[in-house]
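What follows is one chain in structure tokens, specifically the form predicted on its own.
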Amino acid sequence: MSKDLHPITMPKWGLSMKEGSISKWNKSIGENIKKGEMLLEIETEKVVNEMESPEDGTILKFCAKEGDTVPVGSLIALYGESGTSEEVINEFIEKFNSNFESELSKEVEEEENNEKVKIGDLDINYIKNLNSKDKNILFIHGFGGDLNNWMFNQDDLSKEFNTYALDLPGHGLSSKTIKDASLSFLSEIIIKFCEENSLSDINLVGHSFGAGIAIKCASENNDFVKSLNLISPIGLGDEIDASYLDNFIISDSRRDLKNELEKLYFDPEIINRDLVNEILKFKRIDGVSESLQLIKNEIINNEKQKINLRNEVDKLLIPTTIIWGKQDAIIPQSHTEKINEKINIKIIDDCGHMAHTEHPNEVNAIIRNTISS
């Protein structure tokens, strides 16, 4: 294949992603593009996200048009030097597709990525991606979420770290019925999970309620947790949109649930129909509503946060970064004010409560910097 031509392929966001749909091309044929510029929007079965250009170059041909759904790894565009002949371009495409189809035909159906570990009387579901020997990341999702919330983060960071993402009790594919939703109990679950997987020197990444669990883990296990990245954490102020938690629990129609989920994002268009339907299906499982209510009662009292973690955060001696969406409508980013100056604060503009989903590349870069500091 020509050295002057370079393929752009359908990315793999999350370990379970098999295909993606082209929602919108942000560039035109013949247009120059630089590495890191937004190239196109891709819709997965979960959400819509933008893909950055992997290199500098000129867009020579689109191999998938808007509306097309193609497998991960498929050729979706070509870039290279302007003036490349159509003959050379077509020859490249034919050879790429031939090799790609050959590889697909050899593939054996992948085994289920999810694994489970027994902690007490609870089954904890998780996904791991092992590529390193010395640095480990564990992702902890927030209220009502699951390990798929990290689909844009785990796969990317797995290039440099061993990564683990779990479903908290009451969520995802973990046990649905819980009797204790306190941060202390759930932080013990995290520590026992790490022990079961022979993990030490762990770098925790937590979102919202999951960030509160991460703080509790670090404050009670100083030598075990090596760094923290906290995305819109609970426990740093009184204000919270308590109605979101209430309405998330009781919403039983697609329209009502979608209205609540849109509060999480600066750009609500990121949410697609499949994601809403999947969450509705999860909420209707026996034990889920009761577990979510138990967790909500741990977070909220009289419409305000009842958990105060400022003292724990101020005493942290490990590298810690707090990441917050400037337009977070669930917990205001003003909670970063008067935080210990040793804590690194990153405010992301045009971003709501789900920074790791709305701005994954920026968040991933912040996580890398925190761990290396």
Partner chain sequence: MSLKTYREAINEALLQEMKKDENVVVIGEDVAGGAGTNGEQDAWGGVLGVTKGLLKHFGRERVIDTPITETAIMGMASGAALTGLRPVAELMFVDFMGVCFDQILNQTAKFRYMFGGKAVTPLTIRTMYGGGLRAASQHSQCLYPMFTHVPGIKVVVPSNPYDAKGLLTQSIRDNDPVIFMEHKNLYDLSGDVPDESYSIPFGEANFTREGKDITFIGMGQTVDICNKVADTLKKEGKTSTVLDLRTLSPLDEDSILEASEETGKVVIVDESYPRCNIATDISALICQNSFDSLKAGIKMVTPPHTPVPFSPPLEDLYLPSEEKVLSAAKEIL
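Just so it is clear, the structure is predicted and the values come from calculations on it, not from any experiment. Positions refer to the first chain, counted from 1.
The same protein has a further form, the form predicted in complex with its partner chain, not shown here; the description that follows concerns it.
In the model of the complex, its partner chain sits within 4.5 Å of a heavy atom belonging to Thr69. Contact between Asn113 and its partner chain in the model of the complex is not found at the 4.5 Å heavy atom cutoff. In the model of the complex, at least one heavy atom of Ile285 sits within 4.5 Å of a heavy atom of its partner chain. Looking at Lys179, you'd find every heavy atom of it more than 4.5 angstroms from its partner chain in the model of the complex.
Note on the partner interface in the model of the complex: the residue among Asn297, Ser243, Asn99, Asn277 having a heavy atom within 4.5 angstroms of its partner chain is Asn277. Ser253 is the sole member of Ser85, Ser253, Asn131, Ser184 with a non-hydrogen atom lying within 4.5 angstroms of its partner chain in the model of the complex. Proximity to its partner chain in the model of the complex, taken as heavy atoms within 4.5 Å, picks out 267-275 from the listed stretches 267-275, 141-149, 197-205, 159-167.
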